[in-house]
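Only one chain is given next, in structure tokens, and it is the form predicted alone.
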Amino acid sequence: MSKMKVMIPCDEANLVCDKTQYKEATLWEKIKLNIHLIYCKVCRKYSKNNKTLSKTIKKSNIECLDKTCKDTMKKDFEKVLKEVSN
């Protein structure tokens, strides 16, 4: 029978925290994260800040450029960059 690892280091906890924000973390990862957060003040703060950032971005109603617009900007930028470097 294999031993289940419950304690995780901070870098893994932060990764799971990020995955949780995007609903990509497994139940087992969430359990290990919550155990970690019980004893790690730094990761609790990271998790809190991460949630605040996600909520703020969601509330902001930012509109992203579509792919065509981005491609046009990229071509224009590359053209100007080429002109300047010559």
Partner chain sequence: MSNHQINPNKWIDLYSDYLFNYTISRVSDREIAQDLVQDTFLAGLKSMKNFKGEASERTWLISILKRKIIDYYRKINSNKGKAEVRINYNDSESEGDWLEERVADPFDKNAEDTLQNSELGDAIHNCLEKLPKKQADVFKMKTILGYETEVICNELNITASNLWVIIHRARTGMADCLKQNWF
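Note that the rigid core is defined as the largest set of C-alphas that superpose within 1.5 Å between two forms. Keep in mind that what you see is a predicted model, and the values were worked out from it rather than measured. Positions refer to the first chain, counted from 1.
Just so you know, the form predicted in complex with its partner chain exists too; it's not on screen, but the next bit is about it.
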| field | Proximity of Ile38 to its partner chain in the predicted complex, heavy atoms at 4.5 Å | value | no
| task | Indicate whether its partner chain has at least one heavy atom within 4.5 Å of a heavy atom of Glu12 in the predicted complex. | result | no
| Does at least one non-hydrogen atom of Val80 fall within 4.5 angstroms of its partner chain in the predicted complex? | yes
| request: Give a yes or no for Asn49: in the predicted complex, does one of its heavy atoms lie within 4.5 Å of a heavy atom belonging to its partner chain? | output: yes
| note | Looking in the predicted complex, the residues of 52-67 with a heavy atom no more than 4.5 Å from its partner chain, listed in order, are Thr52, Leu53, Ser54, Thr56, Ile57, Lys59, Ser60, Asn61, Ile62, Glu63, Cys64, Leu65, Asp66, Lys67
| For Asp66, is the C-alpha shift between the shown form and the other one 2 Å or more after core superposition? | yes
| Does Tyr22 show a Cα shift reaching 2 Å between the shown form and the other one after rigid-core superposition? | no
| query | With both forms fit on the core, is the shift of the CA atom of Asp11 between the shown form and the other one 2 Å or larger? | reply | no
